[in-house]
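Presented as structure tokens, the chain that follows is alone, the form predicted alone.
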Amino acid sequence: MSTSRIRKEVDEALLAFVDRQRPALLAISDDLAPLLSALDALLTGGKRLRPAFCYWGWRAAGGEDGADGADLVQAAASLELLQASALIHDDVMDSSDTRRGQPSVHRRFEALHGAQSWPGDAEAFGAGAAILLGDLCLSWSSEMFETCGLGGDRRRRARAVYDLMRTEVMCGQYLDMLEGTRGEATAATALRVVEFKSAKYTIERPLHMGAALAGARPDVTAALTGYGLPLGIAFQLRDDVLGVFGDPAETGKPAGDDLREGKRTVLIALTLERASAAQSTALRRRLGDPALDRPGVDELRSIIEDTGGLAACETMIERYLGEAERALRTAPITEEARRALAELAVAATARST
């Protein structure tokens, strides 16, 4: 199955699942309609990488298209509800204004509060509504997976991976918040965040989940780790670069938004390791300033480039990508899966979105 076909089927499965939930929510109250509208808007975007890696983990372990194909797609699509939960909560914690080119969920509900002229704190209402919608998505991700139709034994094996993945990403999110609070992340501590918040969650565990659904041998699972973990790190490092240097039309976020949010990424840590005293002072002074304007963004970009921080991050991306490619070449999987995973590696680490 092609990547575009996987995406189409995942989109259809997500739409069908949310549509099945819609009457139950609206039967409780029509006031819940804005929650559904916010979720509909969020689910229209995204690359669907996690379901794609889940699908090819299944195929790599011997799963075939056929009677189980639609059930597998539903199981894989449940990862998009988990991702929606993570994004909604992440945007609240980071005070992000946009997501996928539109207002973030908490800003959407903050605006609703203002438009209705309700009493009280609009910002608090927006954050509370977003947290609840994120919790709902987390609950629905489990429900969508458990009702996918695949046999109990296979589903139980994959559920163990799913549970571990959710634990890891929440721990990674906490570590990310902690590093931002401390304000002194090193490249090593930033990489620890990358591993658990992104690399395992985006690539390694979805591969393992699909492989578990196909009853993978231990050597196949190990080979998927050899490919998936370094690729996941390269993916997040690329995302960090795009968060500073990416085109807003492609990233869906304002230019330099990661700088305004003060994210203590590997890119920033590498820059600070190489910065002069003056460069370090300028970067620390302006990093995390929500009022950072375009000239300020340009100044920090120049520091990141001039110190060699950007070049060092690009070198790391190539090193981790090379590690993933070498592991993939010797993995005991089908040639079809090998080709598809090689294409996904390129898509996940491309210099534009």
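In this text, all values refer to a predicted model and were calculated from it rather than measured experimentally. Don't overthink the numbering: it's just position in the shown sequence, from 1.
Absent from the display: the form predicted together with a further copy of the same chain. The rest refers to it.
Checking M93, A222, A111, L242 for any heavy atom within 4.5 Å of a further copy of the same chain in the predicted complex turns up a single hit: M93. In plain terms, the part of the chain that comes close to a further copy of the same chain in the predicted complex, with a heavy atom within 4.5 Å, is 118-126 out of 69-77, 118-126, 100-108, 234-242. Each of L35, M170 and L175 comes within 4.5 Å of a further copy of the same chain in the predicted complex, counting any heavy atom. Contact between R157 and a further copy of the same chain in the predicted complex is not found at the 4.5 Å heavy atom cutoff. Residue contact check for L25: one or more of its heavy atoms lie within 4.5 Å of a further copy of the same chain in the predicted complex. At the 4.5 Å threshold, heavy atoms of H89 reach a further copy of the same chain in the predicted complex. Although the partner is absent here, T334 sits far enough away that none of its heavy atoms falls within 4.5 Å of a further copy of the same chain in the predicted complex.
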